[in-house]
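The form predicted on its own is given below as one chain in structure tokens.
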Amino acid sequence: MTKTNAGNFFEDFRIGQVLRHATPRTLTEGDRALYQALFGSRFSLQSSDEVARKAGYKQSPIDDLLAFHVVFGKTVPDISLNAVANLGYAECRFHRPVFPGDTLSTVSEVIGLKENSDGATGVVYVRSTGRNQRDEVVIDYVRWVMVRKRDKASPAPEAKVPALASAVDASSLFVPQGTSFRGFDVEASGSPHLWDDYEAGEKIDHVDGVTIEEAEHMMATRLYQNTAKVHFNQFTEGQGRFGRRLIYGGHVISLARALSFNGLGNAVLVAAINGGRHVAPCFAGNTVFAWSEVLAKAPLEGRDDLGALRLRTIATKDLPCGAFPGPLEKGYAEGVILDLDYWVLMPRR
């Protein structure tokens, strides 16, 4: 009997199955520094202990998406080691901040299965929950992923596709306790625009582009201990459909978030991800651009210092976003690679 792990294939999953993922991960200042070097995010709350202390934190929190990717990365060896592609996200909420020294671990439950018509793959739906060392929920989310079958002839399970909310309700967003963003320092943040200055329907071209390097995307994915084969193994992927390694979809999400600083510089916290689609694959050498639309604004009960903005950020490859490329009547404009719907928290005047 082999001692190596070949990962789970589609027929290995069953509804209600609970997977407790290895390995707990303690996040450090080194992880923060490497993430900063890879993506260059400039949001002041995650960049400055002094800005964070003035808002009531003990120190600057870890970037929300770094925490998300670490929680996600724990799930890969058990869920998506044999994935063809990660397809989407829903019902993701950020419950509390993560600080250097916190240890994150993840548990997932299989909530849906559906074999594809080709009989060679199927879609697995899981709800994953990340907790810290005090067993407090940090992040939970649903994702669905296309996974290869071990044996194409194996019988298909009864199809079950979970009903998922189209969006996280603004009233259920978690707001950091013991904080106050009244009088937020807009000189330190580099942006004068606060929650009051944005309107539903407004579109923002984030202007800048970032070219993905082969070494950087692999280093970032290793940072999260994400072991999906499609990101690392050129020997195998060179013989596959695309002839090269795929960029981890979360890499594009982090690039889009960093690019969004130019126009949304005071969107200091990611509160929820309502839904996300990796529309098309991305590869090293592609240059990523992004634009955002403000879908909605929501005040937060009991808080007059923070408001919520619902954003839709579209990322493209090798396509500047001055014309706001996005969904068409059927499909998407050529070059679109990510469609992300999410809530951010922003200081108010």
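Because the structure is a prediction, the values reported are computed rather than measured. All residue numbers refer to positions in the sequence shown, first residue = 1.
Beyond the structure shown, there is the form predicted together with another copy of the chain, which is absent from this document and is the topic of what follows.
Asker: Can you tell me if Gln177 lies within 4.5 angstroms of another copy of the chain in the predicted bound form, counting non-hydrogen atoms only?
Answerer: No - in the predicted bound form, heavy atoms of Gln177 and another copy of the chain never come within 4.5 Å of each other.
Asker: Wondering, does Ala22 line up within 4.5 Å of another copy of the chain in the predicted bound form on heavy atoms?
Answerer: Output for Ala22 is yes: heavy atoms within 4.5 Å of another copy of the chain.
Asker: Test of understanding: in the predicted bound form, would Phe289 fall inside 4.5 Å of another copy of the chain by heavy atoms?
Answerer: The answer is yes: Phe289 has a heavy atom within 4.5 Å of another copy of the chain.
Asker: Classify Arg42 as contacting or not contacting another copy of the chain in the predicted bound form by the rule of any non-hydrogen atom within 4.5 angstroms, answering yes or no.
Answerer: Yes.
Asker: Which one, 143-151, 110-118, 184-192, 158-166, holds residues whose non-hydrogen atoms are within 4.5 Å of another copy of the chain in the predicted bound form?
Answerer: Result for this chain: 184-192.
Asker: Can you list, in sequence order, the residues from 22-38 that come within 4.5 Å of another copy of the chain in the predicted bound form, counting heavy atoms only?
Answerer: Contacting residues: Ala22, Thr23, Pro24, Arg25, Thr26, Thr28, Glu29, Gly30, Asp31, Ala33, Leu34, Gln36, Ala37, Leu38.
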